[in-house]
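Single chain ahead, by itself, as C-alpha cells, in the form predicted alone.
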C-alpha cells in the first residue's frame, strides 16, 4: 500500500472520470437520512454522512433477485444471467468495508456464490473516513479502521484527503482522473493526529474481551426471556444489518401457471417462520429463542469458524429496532445480570 495527497476540489474530477467507465454508487441524502444510490456527479455525494439506512451489501447481495426461470409445460429451466455491471462504491466507511470482508467469508470461501462473486469482482471500493455517531460502537470490534478490502481510502484532513492506495487499480484511478501529490512528513503527522482524534471520539466502552465465555455461561439466562418479551419479530435488525446473509428461495408461478421463476430474497432469523419445517414443527417458535439465536450466531458461532464476530458496530440495528434492542444493550445485560 502507498499514499498520495488529493485536494478536495479534485473529487469532482475523480467522480466524473469514474462515471465515464463505471456505475458510481455513493451516499446521498434522502428526506434527512442517507442511502447508497447511483450518482453522476460529486455534487450529489454526501461524504459527511453519518450512517446509511441500508448497508452497501445490497449492491452485492440484493434484497430480491431471480436466479432461474422455468416452463412447466416442457420442463425447461434457464439460469438467469447475473446482472453485474462495472461499478464503483464510493464513500464506504471502515465498518462497512469490514462488513463486506465478513460477507466474503460466507459467499466466496468454502462455497462460492456465483451471483455475489460476480458483483464483487466487478466492483471497486473507495472508502472515506467518518465521525462516530451516538449509536456507533465499531471501536469495540476493531472495525473502526480498515487495512484491506478497498482500492482507495480517503482520510479527511480538512482541505485535503490522505489517499491510501491498496490496489494497482486504485492507483490507476488516481493517476487517470486527478492530480495528486507526494505525501510529506507534515502530511503523515497530520494524518496521525486526525486518526488519533477519531479514536478518542468514541464514548462507547462496552467490554467484549470475555464475551464467548460469557455467552457460554449465560445460555439459559432469563435475560433472553426478557428480551424476547420486548422483541416484535419484525426483522428490522436483520434487514439493516451489513453482515446478515440469510435468504429464502421460492418459486413464483406466472398467472397462466405455465411458467415461473425462482427468486432469492432476504430472510431474518427473527421471523417466526424462519425455523419452521415439515409437520408443523418449529425449532424456534418463541421470540426469546430467536433473539438468543441471533446473538449466539453473530458473537459465537461465526467467531468459532472465522475467528471474527459477525458484527461491525455500525449501529444500524440500534437505530432500526422499535424496542431498543441492540448489541451493546444485550452485552451489558449479560454482564450485569439484568435488562435496563
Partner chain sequence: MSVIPQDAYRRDAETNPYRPWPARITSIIDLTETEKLFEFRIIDPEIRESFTFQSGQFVELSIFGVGEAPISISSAPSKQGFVELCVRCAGDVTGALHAKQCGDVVGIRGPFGRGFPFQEMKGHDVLLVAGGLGIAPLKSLINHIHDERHEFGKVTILYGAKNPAEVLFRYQFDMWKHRDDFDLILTVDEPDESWDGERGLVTGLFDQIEVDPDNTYGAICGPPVMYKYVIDEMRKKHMDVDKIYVSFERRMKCGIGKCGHCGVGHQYTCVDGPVFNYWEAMNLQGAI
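Definition used throughout: the rigid core is the maximal C-alpha set that superposes within 1.5 Å between two forms. Every value quoted in this text rests on a predicted model; they were computed, and no experiment measured them. Residue numbers count along the first chain shown, from 1.
This protein has a second form, the form predicted in complex with the partner chain, left out of what is shown; the following refers to that one.
Partner contacts here mean any heavy atom within 4.5 Å of the partner chain in the predicted bound form, and among 276-284, 46-54, 25-33, 311-319 they occur only in 276-284. Residue in contact with the partner chain in the predicted bound form (any heavy atom within 4.5 Å), chosen from 203, 75, 159, 121: 75. The listed set 186, 229, 251, 172 contains one residue whose heavy atoms approach the partner chain in the predicted bound form to within 4.5 Å, identified as 251.
In the predicted bound form, the partner chain sits within 4.5 Å of a heavy atom of residue 264. In the predicted bound form, the partner chain sits within 4.5 Å of a heavy atom of residue 114. Interface membership of residue 106, defined by any non-hydrogen atom within 4.5 Å of the partner chain in the predicted bound form, is confirmed. Contact annotation for residue 304: at least one heavy atom lies within 4.5 Å of the partner chain in the predicted bound form. For the candidate spot formed by 2, 141 and 151, no residue has a non-hydrogen atom within 4.5 angstroms of the partner chain in the predicted bound form.
Shown here without the partner chain, the chain has 216, 219 in 191-219 lying with a heavy atom within 4.5 Å of that partner in the predicted bound form. The Cα position of residue 121 differs by less than 2 Å between the shown form and the other one after fitting on the rigid core.
Core-superposed comparison between the shown form and the other one: the CA of residue 248 stays below a 2 Å shift. Shown in the overlay between the shown form and the other one, fitted on the rigid core, is a CA shift at residue 181 smaller than 2 Å.
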